[in-house]
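First comes one chain, alone, set out as structure tokens in the form predicted on its own.
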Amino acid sequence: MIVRCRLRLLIGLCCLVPTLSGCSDRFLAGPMQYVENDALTKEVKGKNSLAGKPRLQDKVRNALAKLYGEKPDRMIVSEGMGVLLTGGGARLASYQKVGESKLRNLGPDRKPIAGGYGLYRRNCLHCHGVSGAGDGPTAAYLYPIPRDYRKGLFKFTSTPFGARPHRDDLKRTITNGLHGTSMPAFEALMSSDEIEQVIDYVIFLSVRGETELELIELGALSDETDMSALSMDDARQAAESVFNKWKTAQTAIINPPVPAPPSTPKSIHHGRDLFLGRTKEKLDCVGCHGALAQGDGPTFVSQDVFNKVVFGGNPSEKEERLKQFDEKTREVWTQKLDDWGNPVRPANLNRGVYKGGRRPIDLYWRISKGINGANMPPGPNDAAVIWDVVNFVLALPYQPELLTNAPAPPAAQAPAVANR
């Protein structure tokens, strides 16, 4: 059974203080510290790390403190990052600090705001964690695991594959939630203005986390004894590189070159044939989603195996449960982890549940550009082809006979039988 926890920790409204701000945490559970990326101090399988390089580790910590602030209630927003945030980042907190003065932030109704930091603590931290690492206290009990923002990767976007999200992508996710997951819709819990504040803070955490990773990568290639390694100039250049990726994404939305066609039987049946790989495009949707689109394609482990590993006991003991299966099963499992190292499962398209939204344009983006970090690759470049697949996917939950009664492949496509 998938745990769909909507727990909210009862954290009081805060008086926030970045270096855009400055005030106490007296109404909160206590002061917070950023959680370091494991690769800063530990050996992490398949990743570069700074394990055994204490001097370079301290350089990374000092650089992050100078670029973004030493802890969550002492935020710093550089000029380059400010263009990504509303008001240049001033709305990250309930107070902004200008010189020696503290100015209280006000919303459109002239009432004091909590700021992205305060709203994040109240609504998001218990799943996504202090640093946006997806490691909050409830995270281990959820599936899918909450997003780790620190890689700068977000699954459901309107921008090119691998690119940073557009601000509107984050707004859709926070406003509408992700159907079929534990990410709720916050439209009824926060005003539009509050959601904008949270978006600012999510971007802040993501940019900070990306910069940390960039510095770890750079430090891993550096000599611990080289006194010039990982200078502040290096850190500023790394941060600027991250800022630029986010800036570029804000003007990179993928707009279909042709509008969606009517959902006619012809379009739907062509979409089905595309899904089944029976056209010249040779799409391989069946390999993941299965011949009946039930999320049981042959390139993934069986649903029974998946359920036993993911939901068969203590969340921290998944690796132990995996050991009971044969080597081939374990190998397939490791090939089907997402970019955050978590198990993924193709959608059962018969259910009509679409995590990234059910509008035709939402499905167009998923099929045309893929899903970042989730083994869903970009589709064909032909927009007309993609729209037909969209029409098929939207029709399937109401017309299951599209696949159960699908005509058999032509005899010419059947595998040849060798003479013996």
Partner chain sequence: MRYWSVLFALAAIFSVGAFLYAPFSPDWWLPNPASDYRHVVSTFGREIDSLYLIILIITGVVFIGTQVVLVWESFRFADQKDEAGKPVRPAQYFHGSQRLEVIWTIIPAAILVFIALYQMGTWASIKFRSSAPKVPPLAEITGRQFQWVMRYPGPDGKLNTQDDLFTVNDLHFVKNRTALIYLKSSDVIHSFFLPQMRIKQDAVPGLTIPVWFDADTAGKYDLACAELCGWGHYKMRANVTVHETDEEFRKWLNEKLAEQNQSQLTMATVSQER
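Everything numeric in this text was worked out from a predicted model, so none of it was measured. Residue numbers count along the first chain shown, from 1.
The form predicted in complex with its partner chain is left out here; the points below concern that form.
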- Any idea which of 171 to 179, 304 to 312, 337 to 345, 233 to 241 reaches within 4.5 Å of its partner chain in the predicted complex, heavy atoms considered? 171 to 179
- Task: Could you confirm whether A65 comes within 4.5 Å of its partner chain in the predicted complex, counting heavy atoms only?
- Result: no
- its partner chain contact at I195 in the predicted complex, heavy atom, 4.5 Å: no
- Query: Applying a 4.5 Å heavy atom distance criterion, does I76 contact its partner chain in the predicted complex?
  - Reply: no
- Task: Indicate whether its partner chain has at least one heavy atom within 4.5 Å of a heavy atom of G287 in the predicted complex.
- Result: no
- Of the residues P265, P298, P262, P257, which one places a heavy atom within 4.5 Å of its partner chain in the predicted complex? P257
- Exactly one of Q324, T251, S316, T225 has a non-hydrogen atom within 4.5 Å of its partner chain in the predicted complex; which residue is it? T251
- Item | Complete contact of L50, W333 and I371 with its partner chain in the predicted complex (any heavy atom, 4.5 Å) | no
- Task: Residue by residue through 52 to 86, tell me which have a non-hydrogen atom within 4.5 angstroms of its partner chain in the predicted complex.
- Result: V83
